[in-house]
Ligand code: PMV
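Read the single chain below, which is given as structure tokens and is the form predicted alone.
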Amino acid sequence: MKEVVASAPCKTILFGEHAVVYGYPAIATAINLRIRTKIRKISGELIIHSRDLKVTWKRNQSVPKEFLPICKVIEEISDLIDQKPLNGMHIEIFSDVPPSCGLGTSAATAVSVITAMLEFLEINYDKNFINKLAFEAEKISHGTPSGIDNTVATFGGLIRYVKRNSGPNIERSKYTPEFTLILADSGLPRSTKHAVKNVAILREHFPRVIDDIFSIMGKISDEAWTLLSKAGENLRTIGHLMNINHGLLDAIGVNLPELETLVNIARKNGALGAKITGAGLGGFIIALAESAAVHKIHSAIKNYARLVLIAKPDNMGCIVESKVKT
């Protein structure tokens, strides 16, 4: 290939944050905000460039930490085709969202790079293979990843995830619901590790209470999954479930005044439901909106958030957007 452009969707968690750590279900959806990788043929070099990070690496330089997962992918693919080192490629990464924003960007980056490389090198592949390689990259990024981010980025759609000792149970809905999400960034730095640790400490002090909260979160996720997995989903009921889930996240200590402000603004301006998404203690909130209310919510919330994004569920997963043969 002379040039290939591939992309993979980011994701947001709809239900079940923190409870998922303790074996209860969580629901995530791919969204139509994507990370793209363009690979073009060059002479005798390997160069990686990230537009958003403003970082460029050439093979003769030490690898910046941001590119360690990508270099892991390159190593795996070079082993696959028994060609070391892989050269003759300029790899450029660019995104619809900011880096490290809590929307599964590391996994979407890995999946887009893998898809582009396999297509560029004309290697036979399927999405299961892409998902497997992306999981290896996620280990570099996160140590012990759940596997949900790379699965969503690879296959797209709506995912129900349950952590098991024998390995995760991941179910993909055959139906992609139609709704609009408004994602508002609090501007506060987030640390999943810190938030999970705080909840674990709280659970040590109040095990029965916190486990009961997690059990209710699990029931909310199951109820939402039933509604979201079939046509004619009741968005108003899903919004109510989001509000309840948010209240429970507040109860376990991962809410902050800045997050609460964004949630309240969204609700006051017509959101059917709004909640923290992800680990909390910073990062994004999400609001579920009918089409008629999207502009009003966006206008109201943009004065309080660092960034406001509008997204819809994505069912395509990773795709090759364009290719030019030699």
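Note that residue numbering follows the sequence shown and begins at 1. Computed from a prediction, not measured in an experiment: that's the story for all the values here.
Absent from the display: the form predicted in complex with the ligand. The rest refers to it.
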Report task. Please run the contact check for Gly278 against the ligand in the predicted bound form: heavy atoms, 4.5 angstroms, yes or no? Result -> yes
Query raised in the report: Could you tell me if Ile91 has a non-hydrogen atom within 4.5 Å of the ligand in the predicted bound form?
Result: no
Query raised in the report: Does Val21 reach the ligand in the predicted bound form if we count a contact as any heavy atom within 4.5 Å?
Result: yes
Query raised in the report: Counting only non-hydrogen atoms and a 4.5 angstroms cut-off, does Ile13 reach the ligand in the predicted bound form?
Result: yes
Report task. Tell me, please, which stretch of 209-217, 119-127, 189-197, 106-114 lies within 4.5 angstroms of the ligand in the predicted bound form when heavy atoms are compared? Result -> 189-197
